[in-house]
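Have a look below at one chain only, the form predicted alone, in structure tokens format.
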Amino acid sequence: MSAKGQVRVFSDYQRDFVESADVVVVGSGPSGAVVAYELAALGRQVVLLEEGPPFTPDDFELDGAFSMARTMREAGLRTTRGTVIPTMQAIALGGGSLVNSAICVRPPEFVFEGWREHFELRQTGRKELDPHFDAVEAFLGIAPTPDEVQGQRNLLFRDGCDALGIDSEPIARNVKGCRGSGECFTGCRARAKQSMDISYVPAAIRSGAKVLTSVQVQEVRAENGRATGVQGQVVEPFTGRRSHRFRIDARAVVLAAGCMATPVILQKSGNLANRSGQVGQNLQFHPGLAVLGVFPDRVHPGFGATQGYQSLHFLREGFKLETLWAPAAVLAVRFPGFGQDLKRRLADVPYSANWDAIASCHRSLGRVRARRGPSMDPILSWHFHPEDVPTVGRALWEIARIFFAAGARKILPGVHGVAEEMHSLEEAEVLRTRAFKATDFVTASNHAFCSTRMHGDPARGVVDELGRSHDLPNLYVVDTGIFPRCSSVNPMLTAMALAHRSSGVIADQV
């Protein structure tokens, strides 16, 4: 570690403490890590705060449930009220980048056209953001997944798309030297994935930033219309037990705690930066569902990039298709049947591939609210709008088509009210013709947006398009909460590009 910077872990805290900096950044995930590095590289004094601990390969657990209990908030069991949708947010140095699939996709221009049209944004198109996408991609070495680490389960998706004339492509990812181990979800033991804890955060440290882990920010301090810093408590990893208090005084405050945590921090700070009434409102997800396909020959799904192929063919119709893999024990939770029936299905795993869709559901909205008392966990509500349901149904049908075009002998759609197994496209026709209800689907989403949305009108948004609070000129939000609506593609790269742009604005201020 550079002598200029330092990183602290739970055992380092022996008493209450106060620090000062030019900028305090709350959250070490993709957005916060970018801001911390860029500002430190420009010579600003930066303190980067992370509630979770650092992890090393020795800490990674291949057991999916145990891994989630250690790396995810609420042990990976967080869900919404209303329409129940599971959603997972990481609690670790590096944030979600530690346990996501490293997918880095630029949204097409039409996504930003919609943002500009509906939210009075003048500087947020591909033309304005491409230089920031370029900078992040160059830093992380983002590149398409090569065939040698795709594995058969990813390449079968390509083959099925080709047979149907559906455009597909290797997924661009922030990895270097991927071995195709398929362990992104539980932590990359090969350290090929360029998660923030081995890329941007160390670079920030080398540039002089201080990194404090196991610290929970509970309040943004403000005085005379300006943010003056943050305060909170040290928390023990995995137990959440609170101990010493801390305060960070700073000339600028950057919230990158995530779409769920940032609104709670602002609400717990006396409903700060909420003249618009939009803090915690407008919560959107990419509802996702997956289909398992079983092939005549072994697919060896344990080998290959976790998510190596995608199709953007249907983006304008509201959904994106991807390949997907997870630990078998996690997949088995969705398998139908019990006893011998379940064992028979588990025996199909070596012959299986899992492909998914994420949907852009702009009408389906929710809310993030702080709990009473000391807890910083949010209360989440979300409702699947009936007009968005057909989009998910259409995506389900297209996945079925691709599976059978690729040679699958059966699929397990995982949808209520239809057959548990379908052995031909003719049997799957019901997926095209059925009028589904929201409750028919088993959906989940780790892509969450819009809870502190940007808007050109201060009465209708929390921040402007540069991430600057409409109410406090030195308070910034840079996580996916500032998206005005969902990004249609995986959000990490877009969030990092927006954070990169905000860094220059913050640097000019401090």
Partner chain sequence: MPVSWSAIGTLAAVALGAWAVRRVWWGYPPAPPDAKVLSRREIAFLAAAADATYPSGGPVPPSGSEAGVPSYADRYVAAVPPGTGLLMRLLFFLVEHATLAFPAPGRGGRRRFSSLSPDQRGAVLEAWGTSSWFPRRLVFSSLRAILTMGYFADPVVLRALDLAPRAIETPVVEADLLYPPIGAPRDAIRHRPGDLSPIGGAPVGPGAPLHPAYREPAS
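Residue numbers count along the first chain shown, from 1. Quick caveat: nothing in here was measured; it's all calculated off a predicted structure.
There is another form of this protein, the form predicted in complex with the partner chain, and it is not shown here; the text below is about that form.
Proximity to the partner chain in the predicted bound form holds for all of Gln194, Arg298 and Phe335, with the criterion being a heavy atom within 4.5 Å. Partner proximity in the predicted bound form, defined as non-hydrogen atoms within 4.5 angstroms of the partner chain, places exactly one of 424-432, 224-232, 381-389, 339-347 at the interface: 339-347. Shown alone here, Leu93 lies within 4.5 Å of the partner chain in the predicted bound form, counting heavy atoms only.
In the predicted bound form, Phe238 approaches the partner chain with a heavy atom inside 4.5 Å. At least one heavy atom of Ala328 is located within 4.5 Å of the partner chain in the predicted bound form. Gly407 falls outside the set of residues with a heavy atom inside 4.5 Å of the partner chain in the predicted bound form.
Gly180 is the sole member of Gly125, Gly414, Gly180, Gly114 with a non-hydrogen atom within 4.5 Å of the partner chain in the predicted bound form.
Scanning Glu148, Asp130, Glu317, Asp162 against the partner chain in the predicted bound form with a 4.5 Å heavy atom cut-off leaves one residue, Glu148. Contacts between 77-110 and the partner chain, taken as any heavy atom within 4.5 Å in the predicted bound form, involve Leu77, Val84, Leu93.
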